[in-house]
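Taking the form predicted on its own, here's one chain by itself in structure tokens.
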């Protein structure tokens, strides 16, 4: 099974949680081994989860959510 970036991004949360079948896990890991961009997405997602689990609270800058969603959509469009 060969995956492209969009497939990896679609499964990144499931991958982190260990909720993908073994074949999919192997395919994701093979992709991550040669795609620095997706490896960075994985690291960033893990970092976000660590921040969310942190008991401290902080406010996001105004417009952050909209910019984040726009960037994700831009990246998905470019990958697909």
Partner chain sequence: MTEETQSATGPDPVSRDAELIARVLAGERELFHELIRPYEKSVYLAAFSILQNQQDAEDAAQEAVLKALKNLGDFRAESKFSTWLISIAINEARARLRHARVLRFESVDEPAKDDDGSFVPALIRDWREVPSQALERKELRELLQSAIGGLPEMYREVLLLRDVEEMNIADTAAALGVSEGVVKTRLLRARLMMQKILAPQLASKSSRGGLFGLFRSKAGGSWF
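Whichever C-alpha set is largest while still superposing within 1.5 Å between the two forms counts as the rigid core. This one's a predicted model, so the numbers in the text were calculated from it and none came from an experiment. Positions refer to the first chain, counted from 1.
The discussion below concerns the form predicted together with its partner chain, not included here.
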*asked:* Is residue 54 part of the interface with its partner chain in the predicted complex - any heavy atom within 4.5 Å?
replied: yes
*Would you check, heavy atoms only and a 4.5 Å threshold, whether residue 12 touches its partner chain in the predicted complex?*
yes
*residue 41 near its partner chain in the predicted complex, any heavy atom under 4.5 Å?*
yes
*Classify residue 23 as contacting or not contacting its partner chain in the predicted complex by the rule of any non-hydrogen atom within 4.5 angstroms, answering yes or no.*
no
*Counting only heavy atoms, which residues in 32 to 50 are within 4.5 Å of its partner chain in the predicted complex?*
36, 37, 40, 41, 43, 44, 45, 47, 48, 49, 50
*Verify the C-alpha shift of residue 63 between this form and the one not shown: is it 2 Å or more after superposing the core?*
yes
_residue 58 and residue 53: their C-alpha distance differs by 3 angstroms or more in the predicted complex. Do they come closer or move farther apart compared with the shown form?_
closer
